[in-house]
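One chain comes next, on its own, written as structure tokens: the form predicted on its own.
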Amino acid sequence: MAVTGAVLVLFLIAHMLGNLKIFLGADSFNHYAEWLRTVGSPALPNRTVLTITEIVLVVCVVLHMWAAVSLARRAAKARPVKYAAKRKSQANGYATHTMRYGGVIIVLFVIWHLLDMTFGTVNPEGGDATPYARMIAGFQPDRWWVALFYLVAMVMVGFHLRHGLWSAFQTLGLTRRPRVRSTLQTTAVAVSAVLVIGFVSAPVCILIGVVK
């Protein structure tokens, strides 16, 4: 769970930084998208590194979901009788209760996102358009619901990431001292917030006409 989560977090950071190139203009964004397909060339055929990365990500997502289900079943088996009363530490807050449904929303969003931005199947510009053109067309005002879906999915990613980071800190035994625990809580929230803001900034700016 932790290893696959770490890989996915690194991907999210890299993907967010790549998305932010939209603010540098069409040439910069399209050049970045082309670089993803040609990295390693001419030593390797085009898309070799990208394909390997995609395979690793798919495997990590599947293993991450499998680990989540396995851990949930193990916990239920270890404690078949529910607690008579829940403490705050046992409830784990709002993020814990949104993990399951948030995960479903994220999976559905990833499917839509690939059809929209990668393959262009549901994008107004189609698959032959440049990545910049697909990005701009994907978040026009008449497709406000796509931007809303994106926003909801990214908020779910934020909750998921905050809970995952905090769980990792607890597993590593870093939360025993109150002062350190408070700092790590702030760190988990801050990292999640930065990623969410970074991801939603481009769709929102396109939607309101700041980026055209």
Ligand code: HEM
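All values derive from a computational prediction rather than experimental measurement. What we label the rigid core is the largest C-alpha set whose atoms superpose within 1.5 Å from one form to the other. The first residue of the shown sequence is 1; numbering continues from there.
From this point on, the text means the form predicted together with the named molecule, which you will not see here.
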Residues in which of 22 to 30, 147 to 155, 167 to 175, 38 to 46 have heavy atoms within 4.5 Å of the named molecule in the predicted bound form? 167 to 175
Verify the contact flag for Leu8: yes if a non-hydrogen atom of it lies within 4.5 Å of a non-hydrogen atom of the named molecule in the predicted bound form, no if not. yes
Leu184 versus the named molecule, in the predicted bound form: is there a non-hydrogen atom within 4.5 Å? no
Give a yes/no on whether Val211 approaches the named molecule to within 4.5 Å in the predicted bound form, heavy atoms considered. no
Please determine whether His163 contacts the named molecule in the predicted bound form, using a 4.5 Å cut-off between heavy atoms. yes
Within 4.5 Å of the named molecule in the predicted bound form, heavy atoms considered, which of Val107, Ala76, Ala129, Val122? Val107
Contact residue in the predicted bound form, from Met65, Val56, Val180, Leu50 (heavy atom within 4.5 Å of the named molecule): Met65
Quick check: do Ala2, Leu12 and Gly103 each get a heavy atom within 4.5 Å of the named molecule in the predicted bound form? yes
Can a Cα shift of no less than 2 Å be assigned to Val107 between this form and the one not shown, given superposition on the rigid core? no
Given a core-based superposition, decide whether the C-alpha of Ala129 shifts by 2 Å or more between this form and the one not shown. no
